[in-house]
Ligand SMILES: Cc1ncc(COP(=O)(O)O)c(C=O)c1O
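Below you'll find only one chain, the form predicted alone, shown as structure tokens.
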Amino acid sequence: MKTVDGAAQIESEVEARYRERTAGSRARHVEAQRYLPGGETRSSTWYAPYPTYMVSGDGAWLKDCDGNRYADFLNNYTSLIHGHAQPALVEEAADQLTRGTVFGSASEPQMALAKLLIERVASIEMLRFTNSGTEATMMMMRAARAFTGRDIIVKMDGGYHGSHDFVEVNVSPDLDAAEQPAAQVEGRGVPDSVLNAVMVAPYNDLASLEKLLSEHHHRIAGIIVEPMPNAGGMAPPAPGYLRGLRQLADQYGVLLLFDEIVTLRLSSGGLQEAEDVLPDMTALAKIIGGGFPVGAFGGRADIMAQFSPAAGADFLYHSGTFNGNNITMTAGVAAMNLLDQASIDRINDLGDRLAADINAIFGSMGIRAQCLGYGSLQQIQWTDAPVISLRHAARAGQGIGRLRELLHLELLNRGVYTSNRGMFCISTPMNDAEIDFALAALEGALLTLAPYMREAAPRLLRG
């Protein structure tokens, strides 16, 4: 009974500090619930007891409606690689705004951003724009099915590719599977019929994938994978894994589809460039829109040619009112021109330093946890065991009570804004000062939560 009361006291104190700092956010949340289910319009940005209402951003920092400042290690879930209100981006977007946002016609900014992306990503010979990453993966998968004449796409167990029905399968990994995971729809509202067109394989496991391909390749159009899964837990690809995917795709005559919506930031040409692997198609979004809604998919010219109306009556129709709109394209060109390899190397170094120092903090405090990722993308995993598959990442979050939620709130209390799953994302305005600030906040938060861990998550503590 004593341990439960002690853990409950820590929870109460952390939440009380949050409520005291954010009275304005609470008032806005109460009103918002009259108009928006749960008071929010994005599932990922909701958290208990209520989300913080941010009102402005400047570089690497945010300010909420109560006047509190936060070092932003979320960056709108990795999309704001140049942080907030970057002067050159503001100038370009403002100039385009005075000339119109979208015209319902072809435009030069579309061509300019397409050319820039094709020059950077070696596997993309032609591309098309969408308004989100969800649309990008949806259309990339449709293109693969149309090109091959086959219906099935293989996705990774625990992989996330947006919210359209055909990827709402095993977003949460199958933790009960001894070997091959069972495909199952994720949540209500997704029809079981999608399972006729989706199969699932474990991430970082070439043998399981080969078994699936050897039995079903004649029905499979392609394999979709994030080179390093983001929402699934930032488990880096094992040495040779991505090249192994390329070899298996070639061996069994299926297409290889990379979702680089998040990982494009890790190298000038994406993680595929860093790992020296060329997929057949790639989905992009996030950083390519300069802070505006965007998505894109592209790849081999023969696959993308299906979308040309000049191809004949059976061309693949693809439209969208705001696809390739002028303001997004203009801001995207400016953002990508600012993001040279030197800038990428610098923020990757900052991310590596953050991870190394977080791991040092865990070691000094005797906490069985680790920071795992690649360069400017890092995430806390609540285990000191190897995290290879996305099952490992999911299991690391079991048996720790409300630790993730409480750490998120306590970091907010200390002026660090990040995801409630423990992800840290580096932006170009950041320097060592922001890393030092985040590390001090994290160490203080962990000291505050140490009594909670001893009682609610004892497996995390050594000795």
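Numbering starts at 1 and follows the sequence shown. Given the structure is predicted, the values throughout are model-derived calculations rather than measurements.
Keep in mind the form predicted together with the named molecule is missing from the figure; the text below concerns it.
Contact annotation: residue 161 falls within 4.5 Å of the named molecule in the predicted bound form, judged by heavy atom distances. Put simply, residue 148 is far from the named molecule in the predicted bound form: not one heavy atom of it is within 4.5 Å.
For the chain shown alone, residue 226 is a contact residue for the named molecule in the predicted bound form, at least one non-hydrogen atom being within 4.5 angstroms. Mapping the unseen interface onto this chain, residue 286 counts among the residues with a heavy atom inside 4.5 Å of the named molecule in the predicted bound form.
In short, of 370-378, 189-197, 131-139, 87-95 it is 131-139 that has heavy atoms within 4.5 Å of the named molecule in the predicted bound form. No residue of the trio 410, 446 and 448 has any heavy atom within 4.5 Å of the named molecule in the predicted bound form. Interface residue among 180, 230, 110, 204 relative to the named molecule in the predicted bound form, by the heavy atom within 4.5 Å criterion: 230.
With the partner removed from view, the residue among 124, 262, 255, 143 that has a non-hydrogen atom within 4.5 Å of the named molecule in the predicted bound form turns out to be 262.
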